[in-house]
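Provided below as structure tokens are two forms of one protein chain, presented individually as structure 1 and structure 2.
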Structure 1
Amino acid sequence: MLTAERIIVASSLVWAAALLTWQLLAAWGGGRKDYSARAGSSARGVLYNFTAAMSPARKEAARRHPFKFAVGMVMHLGVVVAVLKVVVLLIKPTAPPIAPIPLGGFLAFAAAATSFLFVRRFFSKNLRPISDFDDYFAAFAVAVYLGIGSLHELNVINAGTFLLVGAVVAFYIPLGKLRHVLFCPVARFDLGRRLGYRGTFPAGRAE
């Protein structure tokens, strides 16, 4: 039975990867030559935007909202853990849970963090007007996925259920908000590249 679930998960991952790649290439559109005379280094700009610029010291959105930022970080770390679990199960279907108490506990914590973000979206005066079905569904799907991952790690449910929920989430990735998994790093790369070219990045002494 687990073989069928593995095939479904693998297919949904291939689907997600293929569609994301296609979307990225469509957005890139062959790129553009920059005709302006370079003043700085795009490579250094990209490096800066993926390192120092990501620290709360340089990112006011994180600095001013440490709690919400931390909640977001927990959710994303939880997703990384859950994806790693899927990878392990794809390679070795009979693999036992990795570290039931710490990982199961952390995934439950991450599921709670994601649920908080889901509920907050309903009640925040700022977020409600800009939220669409997709925003709610994405948070809901990830919360469920992390919760199921936690239950699997704690040996409450079997690997097949965990894999099937993972497949649904992976199928949805390229269709809605979850595609930010690709577009965020690419956007960060793009801004770093452009501002590096102009000499704005790397920035050092702004505060």
Structure 2
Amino acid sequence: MLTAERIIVASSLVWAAALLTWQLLAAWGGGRKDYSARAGSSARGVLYNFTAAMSPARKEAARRHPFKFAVGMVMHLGVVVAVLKVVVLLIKPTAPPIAPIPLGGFLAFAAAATSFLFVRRFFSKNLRPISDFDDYFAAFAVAVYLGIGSLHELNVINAGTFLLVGAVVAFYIPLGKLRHVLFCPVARFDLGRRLGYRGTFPAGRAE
């Protein structure tokens, strides 16, 4: 059951993983040697940068635009849920929907949030001039992916359709801005490591 769809999804994931790894190695370039004197802990810096530093209180954009920040959080949490659904189906293709009403509703809400960001980008006088095809296609693909995930969780469409849409999104990840699924945490790790080493992170000790 779902053998062909699972093979397609697995192939897309292998393609994405291989290309993302190559892109990361090419972008990394070995990194720069840090000549500063150690004044703190790299591990503490990384931990801080993945915890307290991600708090809305530490982000000016989140404080000034709490609604947009919340919409973005809903979208990203929806993607995590949809990806977990794909993983479950890859492991156990006969698995029934996990929690049809709550998860299906949440994925629909996340799809609506992503659609809002898509429309906002198109009509924003500040965002539209700096947006290109990739910005719109990425938002569109994620919105469709979340919407299909919602319909599958609500048992409106079959698992095969959901997996095939997931395969398309996975294939596109290394080709556009969706590659930040890897580059964002890697960059955050590297920043935390460096600033932790210099004693700059964790911040706020002298405040």
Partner chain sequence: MVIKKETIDLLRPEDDPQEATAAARAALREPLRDLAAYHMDACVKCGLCGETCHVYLTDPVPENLPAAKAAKVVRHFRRYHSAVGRLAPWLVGAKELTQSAFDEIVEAVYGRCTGCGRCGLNCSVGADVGAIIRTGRNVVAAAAEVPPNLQAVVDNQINTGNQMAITVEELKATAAWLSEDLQLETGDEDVRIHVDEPGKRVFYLVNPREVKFFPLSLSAAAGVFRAAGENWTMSSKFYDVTNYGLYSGDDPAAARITKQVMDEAARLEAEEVVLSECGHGFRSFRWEGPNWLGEEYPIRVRSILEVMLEYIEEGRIEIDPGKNVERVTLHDPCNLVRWGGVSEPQRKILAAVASDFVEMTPNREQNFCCGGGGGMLSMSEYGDRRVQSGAVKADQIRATGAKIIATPCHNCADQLLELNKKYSLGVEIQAVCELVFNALVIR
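Remember, it's a predicted structure, so these values are computed and weren't measured experimentally. Here the rigid core means the biggest group of C-alpha atoms that line up within 1.5 Å when the two forms are laid on top of each other. Counting starts at 1 with the first residue of structure 1 and goes up one by one along its sequence.
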Of the two forms shown alone, the one predicted alone: 2
Cα displacement of residue 10 between structures 1 and 2 reaching 2 Å, rigid core superposed: no
Per-residue C-alpha change between structures 1 and 2, residue 191, threshold 2 Å, rigid core fit: yes
C-alpha positional change at residue 37 between structures 1 and 2 - rigid core reference, Å: 3.7
